[in-house]
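Next up: just one chain, as structure tokens, the form predicted on its own.
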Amino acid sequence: MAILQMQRINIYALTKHCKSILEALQRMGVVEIEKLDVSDSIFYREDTGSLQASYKRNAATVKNASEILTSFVKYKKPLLSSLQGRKVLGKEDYYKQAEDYTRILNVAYGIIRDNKKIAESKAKLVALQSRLESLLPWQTLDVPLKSYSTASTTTFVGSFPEKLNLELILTELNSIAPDLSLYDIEIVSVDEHQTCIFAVCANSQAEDFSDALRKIGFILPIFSTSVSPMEAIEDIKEKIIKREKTIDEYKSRIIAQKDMLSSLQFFEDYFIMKAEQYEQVDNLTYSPHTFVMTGYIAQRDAQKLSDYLLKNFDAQVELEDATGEDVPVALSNNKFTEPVEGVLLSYSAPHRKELDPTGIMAIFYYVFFGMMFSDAGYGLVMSLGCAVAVLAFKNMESSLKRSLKMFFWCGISTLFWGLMFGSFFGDAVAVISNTFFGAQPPVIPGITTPIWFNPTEGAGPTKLLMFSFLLGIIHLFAGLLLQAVNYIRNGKWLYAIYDDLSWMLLVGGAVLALLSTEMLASMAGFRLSSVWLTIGGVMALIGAVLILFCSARNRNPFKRLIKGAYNLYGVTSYLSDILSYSRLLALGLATGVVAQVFNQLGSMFGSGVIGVIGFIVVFIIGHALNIGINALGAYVHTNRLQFVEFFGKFYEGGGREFKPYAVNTKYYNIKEDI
């Protein structure tokens, strides 16, 4: 558990090696490149904005093409594909595939162009279908769908927006224009939403007839035709068939490129990498024949990288210890504690001047998770599942692998506490023995009987609650000790006494005093001798005095006393923090009780064949749900105890996480070891 020593690295090399060095550093992922500010007039910078934009456009193009391809071709994903990680590609294979970028870009443009043609054809198809639907009510009309005039008559073609019959139409017309007589109306079609008509009127009354029709809701058709509606319908149907064939042709052309998906994905990664390389070029400084690069590197990698660059590119490397507030933070932990680094970094990276708390946090994290999940069967399933996944999928992404390793250790802790409390899929062994064999379960320590105690029976809940409080106090004191160590490392010995020892004396003394009273003794199951009441009281008094007079750093005695009194009032927050650890009891009991309920539900089917089948179904579904829900609850509340109770006592954070220039791809993992 440590923060790695960082070094500032300066690289000097010939300009002709710049691209190769950047690509090598990207594959190695060990250097965080910084922008170098050089005011000397012989140095200059390159503007690569247009190149970056070009590569980003190319990346967007092949990404768009691959998305189009996957929308037309249903690719089969392997089972558990999310665990497989990115495909590993060697440096030589990478360069070989990269040579084909012109052809793949042309393929991508072709796929996008064909998809655009499909979209255009579909839009035209929608318009044709809309026109067809509007003409269908007129298909029995044997004249063109438009109004026209002869020497003595005028025709009217249109519809009313409701269901009408001829009698209603004529009645409405007579009521509006009783003088009209030289006209005739024929209903072409009727449905629930409209009534289509064809009318003819003498020219002398055409204007009055038109006004009367409009007053009763007459509207002209959306489309007009120069031929009969039936002829127009047949023409549209032919156009629809041709348009559908065109769509199918373009679809076939896209589907024919189905084997190009991996190449498109490769070049999406390739163009992203190239864009990021040119982003880093902006951070470099050039002279007529050389370039200079600066950044940060972990000390453990510095010499190896220096030797590599000298051997392969004849580059000169200058290393020096990194100082200042802006130095990035990289953590180094062992296999047991490293998996919880992600939890710590999700809160904040530690400041360079404070201890890395990952190691201490890991111990409590695994213990608390195990107590809250607290079933040996569940822990066994979790550990085995995580172990198999990590071993089976070697190329798994590092972040996912780290999470699975964390849950592996959480499962081991859960297995331990489950054995301590005698819970193995609840009371599954006892229920199976009683239901299907009519016998008492065998005595198996940790499986049918607890190695320590059963938290669901008798005084078990109270005992577990007191143990949870004890773990909580130890957890809080660990945080105070870490803060004291940080103070001492920075030469602030008195702060360690005023801010940390004082609270340990106050809280610890109060606990000892309470445990010697009858009130708490009944809950704890034991009672300290009365001498501890005196010892605890003295400890608490010393701690309170230190907090009151010394915890506030102010030269004004009155202000220091007032602030000290306010700080002393913070003892209530310690009480609240300690009570928060009761969640260890609550979630632990919930897991065990719910598991027992599912076992009892499964046993209700009886002991016959149907009973066995029913028990298996309920057992699998019930315990799967219980694992999912309570594992999530244990994860959330374990994080909460770390973030709020533990970190709140000592952790400053605010460090800048070390983010080396590395391969940032979606599909392929291209790496180069030093």
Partner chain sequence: MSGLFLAILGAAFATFMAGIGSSIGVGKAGVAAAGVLSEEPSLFSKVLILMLLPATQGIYGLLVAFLTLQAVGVIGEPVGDISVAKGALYLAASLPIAFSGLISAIHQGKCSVAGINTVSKKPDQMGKALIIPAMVETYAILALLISILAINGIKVLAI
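Numbering follows the first chain given and starts at 1. As the structure is a computational prediction, the values presented were derived from the model and not from experiment.
Omitted here: the form predicted together with its partner chain. The next part is about that form.
Check your understanding: in the predicted complex, does Thr456 have a heavy atom within 4.5 Å of its partner chain?
Key -> Contact check for Thr456: yes, within 4.5 Å of its partner chain in the predicted complex.
Exercise for review: Mark Leu632 yes when one of its heavy atoms lies within 4.5 Å of a heavy atom of its partner chain in the predicted complex, and no otherwise.
Suggested key: Yes, Leu632 lies within 4.5 Å of its partner chain in the predicted complex.
Exercise. Mark Ser346 yes when one of its heavy atoms lies within 4.5 Å of a heavy atom of its partner chain in the predicted complex, and no otherwise.
Key: Yes.
How about Leu541: is it within 4.5 Å of its partner chain in the predicted complex, going by heavy atoms? Leu541: no, not in contact with its partner chain in the predicted complex.
Q: Go through 596-604, 299-307, 205-213, 145-153 and give me the stretch that gets within 4.5 Å of its partner chain in the predicted complex, heavy atoms only.
A: That would be stretch 596-604.
_Can you pick out, from Leu587, Met260, Leu355, Ala376, the residue that has a heavy atom within 4.5 Å of its partner chain in the predicted complex?_
Answer to the contact question: Leu587.
Query raised in the report: Just one of Asn639, Asn64, Asn58, Thr48 has a heavy atom within 4.5 Å of its partner chain in the predicted complex. Which one?
Result: By the 4.5 Å criterion, the partner-contacting residue is Asn639.
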